[in-house]
Ligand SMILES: Cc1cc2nc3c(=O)[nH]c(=O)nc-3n(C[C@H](O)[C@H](O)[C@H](O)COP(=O)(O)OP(=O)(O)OC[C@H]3O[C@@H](n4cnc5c(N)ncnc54)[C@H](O)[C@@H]3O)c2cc1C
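Here we start with a single chain on its own, the form predicted alone, put down as structure tokens.
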Amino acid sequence: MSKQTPQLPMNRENPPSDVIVIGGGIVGMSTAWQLAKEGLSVTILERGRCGQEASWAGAGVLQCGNWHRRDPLVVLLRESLRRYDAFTAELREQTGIDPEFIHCGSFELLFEDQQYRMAASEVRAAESYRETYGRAVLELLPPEEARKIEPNISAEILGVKANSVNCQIRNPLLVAAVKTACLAAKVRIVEDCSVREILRDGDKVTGVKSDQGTFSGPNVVLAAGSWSSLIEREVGRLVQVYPVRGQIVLLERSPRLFTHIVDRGKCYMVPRLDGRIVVGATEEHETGYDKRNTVEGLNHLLTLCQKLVPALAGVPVVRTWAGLRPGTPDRGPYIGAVPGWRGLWSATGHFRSGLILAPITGQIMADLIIRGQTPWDISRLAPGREITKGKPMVEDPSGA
């Protein structure tokens, strides 16, 4: 266990950096790593321990949206997933830590006629991607064929929407690998360090003030997840992020009962290689910063998992927990320059897609800070954008 970082006076001056990253989750650390690899000096300031909030708490599902969609955010999701092989291979080579990135695919179980019709429509839409991926990305399997592949899924299904693109990652191992890679790249990491104020001279950012002193630098990246809107009131109006609780149940069964991610709607079961099964997740928008489990939430997950795979009824529960996803009013992240704050960049509000978007978000931040532009269309993700109430930018972009 790492030692507690000593608390320093707030007026203490620390060595300056080219970039200060507020937040040590997977997005913040991936951004810092990319910037450091391109030669910049980077400091991460993390209010707790790096990677121990939403990045750790999630189930590690990597999926990239409904195949009817072609909007810029879905384009980023699919491109970022395509980069994951190289991303994790580099991490393994540099750190010796294997994040267990697995091309496992997913089975969405269909119980009702409407679900079946919607799945069939999406399968038809996905045909246009066959050449891009070199295979069918979606197939609609009849019950008997699906149960030959996964014999333990429910016998009550009308069919299965089989996705060959969806993957899983062992997120606690991923955040450990990225943190190790950051340290190897000379990123300075300061934990147990809450940022109290973003400093500026006129409209130009000059650094931040924290409970471990002042950190100076011409660029600040806001990647503080669910806490992003609390640091600076004016910035909080431009970057509207709030916590969304997601409860998780961990089961254990060896040998494994299934090898695909098995899901229905927003809930899913992720089969780890060691026989553990991550069951998630609730989506609770009105709970604030409360990370406690509830009877209702756990009962919902346990009831659903038995419906999807009845053989799970006798499997022991290993652990339960909850995390706080960084939600936004339109479900889209804030990526780009913060208006009125020259040198302040936002990489936050990734909601259910922080893990999958981490590689490309880090690249976009490097593009913007070092080169002043990025080839990716992030216009609809801009901080300060007009929010259309009740109209999500993307409905369930990743499902993670």
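Each residue number is its position in the shown sequence, starting from 1. These numbers come from a predicted model, not from an experiment.
The discussion below concerns the form predicted in complex with the ligand, not included here.
Taking the partner from elsewhere, G340 is found to have every heavy atom lying beyond 4.5 Å of the ligand in the model of the complex. The closest non-hydrogen atom of L368 lies beyond 4.5 Å of the ligand in the model of the complex. Proximity of R325 to the ligand in the model of the complex: non-hydrogen atoms within 4.5 Å are present. In the model of the complex, the ligand sits within 4.5 Å of a heavy atom belonging to I231.
Proximity to the ligand in the model of the complex holds for none of E122, L140 and R147, with the criterion being a heavy atom within 4.5 Å. Between the options L73, L109, C182, V195, the residue in contact with the ligand in the model of the complex by a heavy atom within 4.5 angstroms is V195. Only one of the listed residues (Q34, T43, S346, S55) places a non-hydrogen atom within 4.5 angstroms of the ligand in the model of the complex, and that residue is S55. For the ligand in the model of the complex, the listed stretch (303-311, 222-230, 86-94, 153-161) containing residues with heavy atoms inside 4.5 Å is 222-230. Contacts between 18-43 and the ligand, taken as any heavy atom within 4.5 Å in the model of the complex, involve I22, G23, G24, G25, I26, V27, G28.
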